[in-house]
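Heads up, the chain shows up twice below as structure tokens, two forms, tagged structure 1 and structure 2.
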Structure 1
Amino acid sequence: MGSQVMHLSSPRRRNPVSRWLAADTLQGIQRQRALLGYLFLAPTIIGLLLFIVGPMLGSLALSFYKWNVFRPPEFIGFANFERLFADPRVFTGFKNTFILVVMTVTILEVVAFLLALLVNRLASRTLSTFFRTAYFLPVLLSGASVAVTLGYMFHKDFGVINYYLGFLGIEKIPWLNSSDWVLIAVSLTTVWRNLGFTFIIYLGGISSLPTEVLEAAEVDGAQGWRKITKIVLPLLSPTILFATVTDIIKMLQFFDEPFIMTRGGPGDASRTAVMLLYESGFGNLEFGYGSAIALVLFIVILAVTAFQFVMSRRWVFYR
């Protein structure tokens, strides 16, 4: 009787062979899952290596060479970078790029935020859908088509913009022929094309704000501009960071609009860093020098983005 009780109360001992088989089966399942995950990731990893990492490393190596396709590459060390920092056109190109970035991103963020506030307050779902679609449609257009169309609109003599400004008694403005106006015209063209993307980002951020916080603020007397500055903007700060970072990275690579509308003119008044890169590499066949410009531009973009994230610790609030 005692032996039966001891037999019933003692834990069942598993065969060592069965334990080994169970562990081996579990490891096999984990290996299969890991292999399946790698297979799903393989296209992305291969594309990243072939089309991003590979060209970046190739451009880095090429920046230390002199090569024009017709002759074998010649190693020249830092000569391309010495030429770059002594070239006044490179300084002008980067200066124009920074001016365009400041103008364009400032207008983009302010106008997109205000439009998102207005559309979010619309009670009619039909009107809200119409405005979302209307503002986003230009994003789907190619940069070339937008630049050609807006280039005609900004034309001094027969452009529709100067035509309507004439009704206000304003003389014809040489938008694309004056160094004082050309960057403004290029900036406004870029704003029109990219406004919808930033608008959708802000609209999504505003729509996801906690309604209980907004209602509590209204009960406490926060209305109008006070509500926007004290409640909405702090809650929306992560969205603002994302929008500004993506817009600045995009605008630091200005190319389509100034290249098609002005070819960098008049003179070098609208020539950007990417245009210099393109002209050096594909116009003059100086691929080493073009790669050096690309590397400097990459470092600038990386530094500006890092600076934004460092400074964001002071004004971005995560809830």
Structure 2
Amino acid sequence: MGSQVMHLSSPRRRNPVSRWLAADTLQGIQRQRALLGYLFLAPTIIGLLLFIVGPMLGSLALSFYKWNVFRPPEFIGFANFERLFADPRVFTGFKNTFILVVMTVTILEVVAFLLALLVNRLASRTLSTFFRTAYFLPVLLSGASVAVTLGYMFHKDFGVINYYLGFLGIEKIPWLNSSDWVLIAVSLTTVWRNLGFTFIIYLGGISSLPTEVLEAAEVDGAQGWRKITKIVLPLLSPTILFATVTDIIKMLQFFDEPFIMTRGGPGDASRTAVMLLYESGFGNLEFGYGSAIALVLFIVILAVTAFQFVMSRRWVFYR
């Protein structure tokens, strides 16, 4: 406080900049904080503009060009998109992606919800910790390790899975070599790696439900299935929406597992949208065409996000 008085009485001794930023006036503090704000933001804003916003706009621009590394870029209007919508491989790729999304996300949401419901009811702390750890562990692994490991386990002749299914009288299933089975194998692999993530989200949602409401419902005679469908599910709808949309967006960007397990095969049976993008962009070095595929994928993801936004306003029950 004493120093403030001294400063105010001797303004001559400071240069204009430090006077402008003088810490001991309210305006000075505000100016300091504003300047500090811009300084603090600079690394993040520059980084995001340079490495996300810039490339995003670049992707948009590139999709109107024909460009590989050898020849200079050539503007071709909507030709990439016309080619894309007529390309049967692109159609297959997006179809496979949608099948994988529907299959994987359905299994994930149902199983994770049931597990969370049951684990939440466990009285024993030890048991509950054990199950939570067990279900969560695969989340730690990389898609690469999981793909390699489960690729071995799904092997038709040497795989552990067919070996045990044999005890149930099931004949050897060509998991990764048949176009009928490959999407199921890839989907199960992804379910295995991501179940813990979805489970943890549901467990968090369920354990924060208001106990008074649940008890009141029980007193009123709501039990078992009725209690779940009429009370728990509506109360949990924000969590369900969040988990489902997060999982859908994650699965739309699906790449590691099918790429490592099958390279998209047999034929194109397990080729995904991102794999197409990767192959046209970095396999065939068609940067324009690859960008057009990336853009379509981005629009699909944006549509899912918009859907989440709309749904969360209209349908979800927020307390």
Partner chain sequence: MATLNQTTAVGRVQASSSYRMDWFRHNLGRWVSMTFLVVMAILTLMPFIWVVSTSLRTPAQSFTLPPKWIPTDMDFSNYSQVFERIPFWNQIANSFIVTLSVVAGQLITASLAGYAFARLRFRGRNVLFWIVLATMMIPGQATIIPLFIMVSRFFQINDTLYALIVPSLATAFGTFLLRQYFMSIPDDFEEAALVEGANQWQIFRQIYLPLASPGLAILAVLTFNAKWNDYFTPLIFMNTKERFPITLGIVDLQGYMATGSISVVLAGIVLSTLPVIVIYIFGQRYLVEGLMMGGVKG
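Think of the rigid core as the biggest set of C-alphas that the two forms share within 1.5 Å after superposition. Along the sequence of structure 1, residues get numbers from 1 upward. The structure presented is a predicted model; accordingly, all values stated were derived computationally and were not measured.
Between the two displayed forms of this chain, it is structure 1 that matches the form predicted alone. The two forms, fitted on the rigid core, differ between structure 1 and structure 2 by 2 Å or more at the CA of T44.
Once both forms are fitted on their rigid core, the CA atom of R71 lies 2 Å or more apart between structure 1 and structure 2. Shown in the overlay between structure 1 and structure 2, fitted on the rigid core, is a CA shift at A34 of 2 Å or greater. In the rigid-core superposition between structure 1 and structure 2, residue position Q308 carries a C-alpha shift of 4.0 Å.
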